[in-house]
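We begin with a single chain expressed as structure tokens, specifically the form predicted alone.
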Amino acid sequence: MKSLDDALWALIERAPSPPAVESVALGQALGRVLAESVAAPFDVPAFDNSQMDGYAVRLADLQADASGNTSPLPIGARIAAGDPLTTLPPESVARIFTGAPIPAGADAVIMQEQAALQPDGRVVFSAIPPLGENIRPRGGDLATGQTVLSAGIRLSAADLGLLASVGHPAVRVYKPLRVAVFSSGNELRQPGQALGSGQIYDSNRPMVMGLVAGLGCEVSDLGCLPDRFEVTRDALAAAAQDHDIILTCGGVSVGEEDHIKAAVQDQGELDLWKVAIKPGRPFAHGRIGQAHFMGMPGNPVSAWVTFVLLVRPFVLKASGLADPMPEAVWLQAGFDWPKPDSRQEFLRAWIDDEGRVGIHAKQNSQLLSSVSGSRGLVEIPAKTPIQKGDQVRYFGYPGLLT
């Protein structure tokens, strides 16, 4: 059997080149993968500006008396955000507001709470500030030519704001991958249909479609494949004509009713792996024409685990993401796992109120409630018993689903 790391790196090496590039408006770019690095065309901020409402002063003009208050100074200017740059008159202060440009000659801003306006219109301050106090310097965030965002990241809402701050109305991103999703099995019925004897509802397809959509792909629901070789072969061949990736659940084992394996081999090429993880041992990767194929196990939890640990990194790499690997944190175990499997295990888990990892009471690979009722996966290394207080790797779902 392949280890998880070996299977993951094998998939990453097989990932195709990123798709074509297009330019989209910032309003449509959330979650898209940046195709080209962006550099700042000017300093941000573009001018020294006030960090708060107060008074712009020239420190050389401030003289403190025995009580610590400064001598009164007249207000020589009033500067609001959006006003043009001006010069501070000698031996005066400027009333200034947040975001307004610092007048030439001023070298600090005193907050208005430390100022007292005199009846004659002059102002007295209760403290003398240090040089540069409450001034946002030009280029303090970004300097001209500095890389704002690097190619190969998924754009967040904060990234879109950053791009807007340097004047970009649009951005170059990779086109979304086209992903076809099938389920398979004569025992499956769709929600809303009546169940007959020995039948179950198809939970894998809507789950996988949601996972794929969360990665920013265009998803096609291509239905449930019956346990018939010819129908399966023709459906996969048709999907390969206009999709980049084909995903299935079930049907890739060696049973007499597992026709997906034979259908892929008939139309293209297939590598069938036994990955040393629990749940999720059977996994397939192959090609049908120009489309990549990945087959996950049929048990719902096994499909979930193999998707987030194997399929997701492959899809993200093919989408142009520079670093598609799952991220984990090390935390203390809040549970005992005295009888480990010979395979690497991934238990449905969460972080408890004490910051330790707790696990769901139900860990069977058929029980989807353990996924819905958890917030991440905790890794149990092969043949390694875990006691409370041991350090374990925890993969939170937020980092595995986007």
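All residue numbers are counted from 1 along the displayed sequence. Predicted model only: the values in this text are computed from it and were never measured.
Omitted from view is the form predicted in complex with a small molecule, to which the following refers.
Undergrad: To test your reading of this chain, name the stretch in 212-220, 179-187, 123-131, 323-331 whose heavy atoms come within 4.5 Å of the small molecule in the predicted complex.
TA: Single hit among the candidates: 179-187.
Undergrad: Which residue among 114, 165, 87, 203 has a heavy atom within 4.5 angstroms of the small molecule in the predicted complex?
TA: If I apply the 4.5 Å criterion carefully, the residue I get is 203.
Undergrad: Which of these residues, 152, 103, 313, 300, gets a heavy atom within 4.5 Å of the small molecule in the predicted complex?
TA: Only one option qualifies, and that one is 300.
Undergrad: Check, residue by residue, if 45, 53 and 98 all come within 4.5 Å of the small molecule in the predicted complex, counting heavy atoms only.
TA: Checking in the predicted complex: none of 45, 53 and 98 is within 4.5 Å of the small molecule.
Undergrad: Is there a heavy atom of residue 250 lying 4.5 Å or less from a heavy atom of the small molecule in the predicted complex?
TA: Yes.
Undergrad: Indicate whether residue 159 is a 4.5 Å heavy atom neighbour of the small molecule in the predicted complex.
TA: Looking in the predicted complex, residue contacts with the small molecule do not include residue 159, since no heavy atom lies within 4.5 Å.
Undergrad: Does residue 107 reach the small molecule in the predicted complex if we count a contact as any heavy atom within 4.5 Å?
TA: The answer is no: residue 107 has no heavy atom within 4.5 Å of the small molecule.
Undergrad: Heavy atom to heavy atom, is residue 244 within 4.5 Å of the small molecule in the predicted complex?
TA: Residue 244: no, not in contact with the small molecule in the predicted complex.
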